[in-house]
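A single chain, nothing else alongside it, follows as structure tokens in the form predicted on its own.
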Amino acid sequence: MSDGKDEPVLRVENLHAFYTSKSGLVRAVNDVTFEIKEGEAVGLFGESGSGKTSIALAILGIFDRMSRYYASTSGDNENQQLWALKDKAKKQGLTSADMEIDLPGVEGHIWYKGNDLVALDEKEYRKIRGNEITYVPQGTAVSLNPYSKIAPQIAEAIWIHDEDGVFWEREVARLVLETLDVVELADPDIRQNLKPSEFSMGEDQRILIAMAMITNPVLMIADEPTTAVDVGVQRRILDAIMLVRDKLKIAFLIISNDQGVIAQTCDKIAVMSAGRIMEFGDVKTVLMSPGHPFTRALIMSNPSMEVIRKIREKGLRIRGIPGNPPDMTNLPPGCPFSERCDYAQDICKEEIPEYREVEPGHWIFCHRYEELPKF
């Protein structure tokens, strides 16, 4: 797969995304940095609850709105006070660091076409979201209108963003058919007039991909696109994603806890745990020769056949990750994996590691990377 051009389509820089809960402030995304280049697919890979979807929601500009809504309906005064303090700080141009208190919402930078998306207001964001940056949600049950035919649902993104009225109905109808053809939906000219209940789950997912690609976006985010489907359906969904990528040459951010999905679709991989990127690099390098202890443990808990052969050659054993992920409302002072890591020392439990480039394009969040045995 090609790396695309050198200039990134999107650069996420020192991103924080916290939300309020009855248990306290959840530090869902904690100082995350990565970039996606033109035509490149980057995978967010990690345990459930590691912050992958929160990054997507932050990029789409809806993280704050969703977390603020839940705070307002929870009836928790402390949560509402935190949001009031956040609003006050924002008006004064201050951050959590300036206020010396962790605040809910998104902070950091998300650079797109020279603009910081974090600084945009909702009106400006709407011109980008669903048009230049699109989203394929996980699960189809609540993503498609069961009472509407699929053709107008797919066309909706075009009409919403056609502020100047440049599109004609006939042209949009043609684009719908062409898009359904790209994702290889059978008999699109007839079946575009059917409702979602008349399609299989795999076909529904391809319809969602068609909805996300019809505006010819710059970046498409796919969130767990193969969740709860069998192997045959998964293969067809992944084929549809690859077809879209090859034909449109757009960038992808693919979120999954399935390393097979990441291996088949992505150029780069960001391995996440407890809101941080533990390792980032070329997908083959990271999956076959993982450098971070968390990456090794995650891969060894559900290895591919190639990794199984490698494990046996080294006399290692397949096992699950010991212990439980840390409490996201009360993170440890050092590396969030330190309590479960076989290689942890005092420094790992006391100091946050530096996220550093150990080889060109290969980043590690670990104090002891150079001392670890090679995988």
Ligand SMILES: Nc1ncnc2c1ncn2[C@@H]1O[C@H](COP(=O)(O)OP(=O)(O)OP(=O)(O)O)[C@@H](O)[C@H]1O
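Keep in mind the model is a prediction, meaning the values are calculated, not measured. Numbers follow the displayed sequence, beginning with 1.
Below: the form predicted in complex with this ligand, not depicted.
For the options E107, D204, D282, E224, the one in contact with this ligand in the model of the complex, meaning a heavy atom within 4.5 Å, is E224. The single contact residue among V307, V32, V26, I321, judged by any heavy atom lying within 4.5 Å of this ligand in the model of the complex, is V26. For N330, no non-hydrogen atom is located within 4.5 Å of this ligand in the model of the complex, even though that partner is not displayed. Of the heavy atoms in E350, none are within 4.5 Å of this ligand in the model of the complex. Shown alone here, S301 lies farther than 4.5 Å from this ligand in the model of the complex, counting heavy atoms only. Of the heavy atoms in G51, some are within 4.5 Å of this ligand in the model of the complex. No member of the trio N145, N193 and Q234 reaches this ligand in the model of the complex with any non-hydrogen atom inside 4.5 Å. Contacts to this ligand in the model of the complex (heavy atom within 4.5 Å) from stretch 170-205: none.
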